[in-house]
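Single chain ahead, written as structure tokens, the form predicted on its own.
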């Protein structure tokens, strides 16, 4: 009886999905992604990479040491900044970044998560993912630093390029299944009719759009250290800097969850049960594994690609990613017309 009660408490959707998966899970995935990014880049470039902090773990504990360092560092607040916006915006970025999880069903059972029956869950989740970049612009403005302002302006340029691409590409599965309900889109892919295979154009366009939107390589443009120090984050230190830099990895994780659901079959081919463990926890863990693989693939790109210039990134968005997204959307309509999914 006690174990059953504990299980029901853990499986309570706001606790499990928003707190455990949203904060703890996203933090762990971000730590692994940062470690993997450093280690993969070192191996490709024939370097050792993270090692000395924990050689038997491949240097993974250096990430924990970095976190402790950021938490214990003094937070320096320049006298010229807008203090309220300077201090509150990093926290707001973290909260807004996690917020889409409140509207993303990780189980088909409405009993465990009412949003499973929400008809427009995909639209709401996509709308919320567009908010963090706007706050990044506020970060630069509040810093009153020319490098921060330039980085924020770069972010605004990238927003105009990837926004349309991301929306068109990620909504392509909705055109194939004739529904904006994430659960319906996932169930339509059972057992292995994954839209990443049936519609690789839309999947590739969504992948590129997420790279641009989260400043992942080769699109690490707003915070280019060679040109604008750290872009919007130049004046930040300590825990505030950690929130800003970690936010990009967490956003990447949230986008990866959406991609895992609408392109990689979500919890398919698994069929969820009715109890909390088989009906909610296991399906969400399957989605978490798929999303983590997507994040690690994105992290690996740091090892094999150089950073694009701003004009090159914008050119790639308009000349490559946007046509891919349009072709993917058109192919989705054909799939729906031919009743192939």
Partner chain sequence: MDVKAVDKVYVGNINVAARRARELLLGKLKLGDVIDWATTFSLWPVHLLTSCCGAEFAATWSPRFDAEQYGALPWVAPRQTNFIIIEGTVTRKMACALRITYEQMPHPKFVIAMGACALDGGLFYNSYNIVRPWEVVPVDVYIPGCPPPPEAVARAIIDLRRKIREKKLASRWLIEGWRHDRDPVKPADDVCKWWRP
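Positions refer to the first chain, counted from 1. Computed from a predicted structure; not experimentally measured.
What follows is about the form predicted in complex with its partner chain, which we do not show.
The stretch in contact with its partner chain in the predicted complex, judged by heavy atoms within 4.5 Å, is 61 to 69, chosen from 25 to 33, 286 to 294, 272 to 280, 61 to 69. In the predicted complex, none of the heavy atoms of residue 88 sits within 4.5 Å of a heavy atom of its partner chain. Proximity of residue 137 to its partner chain in the predicted complex falls outside the 4.5 Å heavy atom cutoff. Residue contact with its partner chain in the predicted complex: residue 191 places no heavy atom within 4.5 Å of it. Proximity of residue 48 to its partner chain in the predicted complex falls within the 4.5 Å heavy atom cutoff. Between its partner chain and the residues 177, 214, 234, 152, the one pair within 4.5 Å by heavy atoms in the predicted complex involves 234. A single residue from the set 171, 229, 131, 92 has any heavy atom within 4.5 angstroms of its partner chain in the predicted complex; that residue is 229.
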